[in-house]
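The chain below stands alone and is given as C-alpha cells, in the form predicted on its own.
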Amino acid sequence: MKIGIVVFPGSNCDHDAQHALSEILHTSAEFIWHQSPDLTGFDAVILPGGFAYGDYLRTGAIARFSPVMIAIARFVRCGGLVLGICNGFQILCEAGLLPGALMRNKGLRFVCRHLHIRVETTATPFTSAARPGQVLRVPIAHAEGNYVCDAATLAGLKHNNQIIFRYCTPDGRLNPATNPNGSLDAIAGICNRERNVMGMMPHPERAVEAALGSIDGLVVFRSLVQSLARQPAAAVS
C-alpha cells in the first residue's frame, strides 16, 4: 500500500500529512511533485493544505492546471481514492472533481483555531472508521473556506448523502455561531457521487497526536488506510 502526497509550490501541510501516515499509522507515504504526470504505483493521493502557487488569481485556480492534476483526474476515473485538505479541497473544486466552490470567509478574515465537526456519514472510504454523528475536534486555518453552490447542487449533495462533515457544537448540534466561515449549510467537507473523492476544510493532519491538542484527525487517515486494505488498487491508465 502506498499513498502519494502532492507537493505544489506553496504547499505547507505536505510533511504533516506524511508524518501522520508514516510515523503514526506506519503506512508508506511518498511525495509527488506537481509536475509529475504519472501516478503508477500509488493506491491513494492526498492534496494537502497550503497556498499552491501563492493562491494567485483565486485559490486553486493555477494548481488545477498542473500536470499532476491531469493524472489525478485519470486516477479518479479509474476509482482511485483522492483526499483534498483545505487548499486541496479548493483545488479539487477548481478542477471540477468536486462540485461547488470555496469563497472568502464571512467577515473576510483568516480564521485559525480548533473547532468541532460532525461526521454526517460513514459510507465513504474516508470516514468508515468513524461513528455516525461522531464529533471530531480538529483545527482550521483558512481565509477562503466559505463553501458555496447553487440550490440544485445542494439538493443533490443532500439527496446523494455527499455532505460528509458539518461544523457543529462540541455536543454535535448545528448552530450558526459555530460556523466559522459562513459555509452553506455548515458544510465542512463533501465527496463526489462516486464517493472516491473527498474534500474538507479542517486539517486532520494537525490533529494526530495528543501534543497537538487532539488525535481526532486520525479517524480520517485510519479510514483511508483501512479502506485501501479492503479494496484492489485502482487500474490507472
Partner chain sequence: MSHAARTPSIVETAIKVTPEIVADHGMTPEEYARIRKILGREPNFTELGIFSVMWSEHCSYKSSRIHLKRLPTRAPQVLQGPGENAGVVDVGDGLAAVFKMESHNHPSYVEPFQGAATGVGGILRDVFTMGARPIAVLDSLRFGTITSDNGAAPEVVARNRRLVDGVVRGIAFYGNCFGVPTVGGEVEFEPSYAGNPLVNVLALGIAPKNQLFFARARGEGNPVIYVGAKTGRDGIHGASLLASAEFTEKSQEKRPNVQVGDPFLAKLLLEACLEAMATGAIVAIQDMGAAGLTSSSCEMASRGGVGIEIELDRVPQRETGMTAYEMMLSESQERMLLVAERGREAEVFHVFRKWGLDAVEIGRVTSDGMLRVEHHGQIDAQIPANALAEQAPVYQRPIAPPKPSLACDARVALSTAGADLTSNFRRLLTASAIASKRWIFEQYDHMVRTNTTVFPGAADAAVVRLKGTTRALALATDGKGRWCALDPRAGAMHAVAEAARNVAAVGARPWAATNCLNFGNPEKPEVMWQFSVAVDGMAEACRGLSIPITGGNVSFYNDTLGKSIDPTPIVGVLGVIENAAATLTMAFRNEGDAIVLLDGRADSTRATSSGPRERESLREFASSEYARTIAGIVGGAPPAADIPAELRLIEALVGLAADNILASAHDLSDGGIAVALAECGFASDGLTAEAAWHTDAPAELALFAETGARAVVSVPQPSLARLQTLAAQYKIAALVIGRVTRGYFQVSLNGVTIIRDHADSLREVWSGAIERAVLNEPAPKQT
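Treat the numbers as computed from the prediction; the structure is a model and nothing was measured. Residue numbers count along the first chain shown, from 1.
Omitted here: the form predicted in complex with its partner chain. The next part is about that form.
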**OP:** Run the contact test on K2, F42 and P67 with a 4.5 Å heavy atom cut-off to its partner chain in the model of the complex and return yes or no.
**Re:** no
Original post:
Counting only non-hydrogen atoms and a 4.5 angstroms cut-off, does R166 reach its partner chain in the model of the complex?
Top reply: no
Original post:
Going by a heavy atom distance of 4.5 Å, is H159 a contact of its partner chain in the model of the complex?
Top reply: no
Original post:
Is there a heavy atom of L108 lying 4.5 Å or less from a heavy atom of its partner chain in the model of the complex?
Top reply: yes
Original post:
Does any heavy atom of E209 come within 4.5 Å of a heavy atom of its partner chain in the model of the complex?
Top reply: yes
Original post:
Which of A101, V76, A141, L154 has a heavy atom within 4.5 Å of its partner chain in the model of the complex?
Top reply: A141
**OP:** Taking its partner chain as it sits in the model of the complex, which residues of 17-33 have a non-hydrogen atom within 4.5 Å of it? Please list them.
**Re:** H19, W33
